[in-house]
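Here we start with a single chain on its own, the form predicted on its own, put down as structure tokens.
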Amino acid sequence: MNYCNVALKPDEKAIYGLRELYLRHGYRHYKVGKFEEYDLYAANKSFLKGDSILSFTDTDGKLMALKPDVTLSIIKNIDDKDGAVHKFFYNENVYRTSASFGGFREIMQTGLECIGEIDTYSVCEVLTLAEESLRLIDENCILAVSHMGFVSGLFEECGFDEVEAREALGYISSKNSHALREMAKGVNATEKVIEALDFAARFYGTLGNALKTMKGFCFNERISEAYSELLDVCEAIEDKELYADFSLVNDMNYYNGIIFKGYIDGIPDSILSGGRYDSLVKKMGKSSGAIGFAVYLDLLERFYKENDEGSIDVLLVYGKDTSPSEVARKARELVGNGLSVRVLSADDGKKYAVKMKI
């Protein structure tokens, strides 16, 4: 009998499967404490998934927080002065509001971080592991990529200031190409730039097809660099079919390169999210680059939530006159044959069978 398959829930199996995957690729397990100083999260609220933070006052009067995020803690505690590329994965509980349930919850989160001198191979490796992480959970999956350099390069062509860029970012995220067009016309952007903005807001398809069109929009160095990086990635991981969706955008104060989201069949929201966040590392006083992702196991838990009362192979029902030893012998026999068994008296068995429609 494979006890892991019997005893573990699907989300728990995913944790162990992902752990094995990351270990095989040379990533080390990283353990962080349950809480950090509140200021760490308060200063980076827009980076967090949700802005609610559980805080408490420590015995020395310092304001502390139960960690809502792992990435910030890793960056804070890592020493990047040695110039090495640090590769970590984690299985940690985070404390925050969940999209699946009301109020705060303790949520197990799995992810990995690659911090140091990030080159094209590092990006390809993380994207490959993201795609393999999705496939480990469900074969029916999609990994979609975007690039903040492409988007910010288009905003540069339009001459958007910080406020206008934030507004335009919202239009791209919501695929509101009409509002984006009107905004670009208002700053006298060229028709070619407006066409590129429309493409960024509306395109969804394979990365290879996206690059064919994107090649004609290399108006400046920032866009050209984004195009070259995406092209290198597309060529390097040719056995993986990546999709392009430039409406995937994140805060420009933290993300500066490739970003991506992963989806599996049956869950309407992304179950995996990640990207290049050099800007966050520099904001925290470090000089390294960084790329990583997290798998949201609370969504997986909701998707695979099973009715424990129904997850059995055999309902063994005994009558009042049945010998307890005979019932025990039969139960042992069934369990020994690799079956899961629920033993109930005749009355309870009847109620259970009707309730579960066995």
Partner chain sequence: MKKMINIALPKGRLGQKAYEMFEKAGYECPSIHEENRKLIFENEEKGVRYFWVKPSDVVIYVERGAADIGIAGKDIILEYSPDIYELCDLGIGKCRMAVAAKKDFYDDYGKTLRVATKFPNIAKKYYKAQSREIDIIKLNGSIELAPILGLSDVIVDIVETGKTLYENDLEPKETIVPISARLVANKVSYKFKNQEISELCDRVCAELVE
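Positions refer to the first chain, counted from 1. Predicted, not measured: the structure shown is a model, and the values here were computed from it.
Just so it is clear, the following notes concern the form predicted in complex with the partner chain, a form of the same protein that is not shown.
Chemist: Using a 4.5 Å heavy atom cut-off, state whether D245 contacts the partner chain in the predicted bound form.
Modeler: Close contact exists here: in the predicted bound form, D245 approaches the partner chain to within 4.5 Å, heavy atoms only.
Chemist: Taking heavy atoms and a 4.5 Å cut-off, does A144 contact the partner chain in the predicted bound form?
Modeler: Close contact exists here: in the predicted bound form, A144 approaches the partner chain to within 4.5 Å, heavy atoms only.
Chemist: Can N176 be called a contact residue for the partner chain in the predicted bound form at 4.5 Å between heavy atoms?
Modeler: So N176 counts as contacting the partner chain.
Chemist: Hey, in the predicted bound form, is P268 touching the partner chain, heavy atoms inside 4.5 Å?
Modeler: Residue-level check for P268: yes, a contact with the partner chain.
Chemist: Would you mind picking out the stretch of 85 to 93, 148 to 156, 176 to 184, 273 to 281 that comes within 4.5 angstroms of the partner chain in the predicted bound form, counting non-hydrogen atoms?
Modeler: Heavy-atom contact with the partner occurs in 176 to 184.
Chemist: Can you pick out, from K240, R202, R135, K286, the residue that has a heavy atom within 4.5 Å of the partner chain in the predicted bound form?
Modeler: Looking at K240, R202, R135, K286 one by one, just R202 meets the 4.5 Å heavy-atom criterion.
Chemist: Could you work out which of N77, N209, S228, N140 is the residue within 4.5 angstroms of the partner chain in the predicted bound form, going by heavy atoms?
Modeler: Checking each option against the partner chain in the predicted bound form, the one that comes within 4.5 Å is N140.
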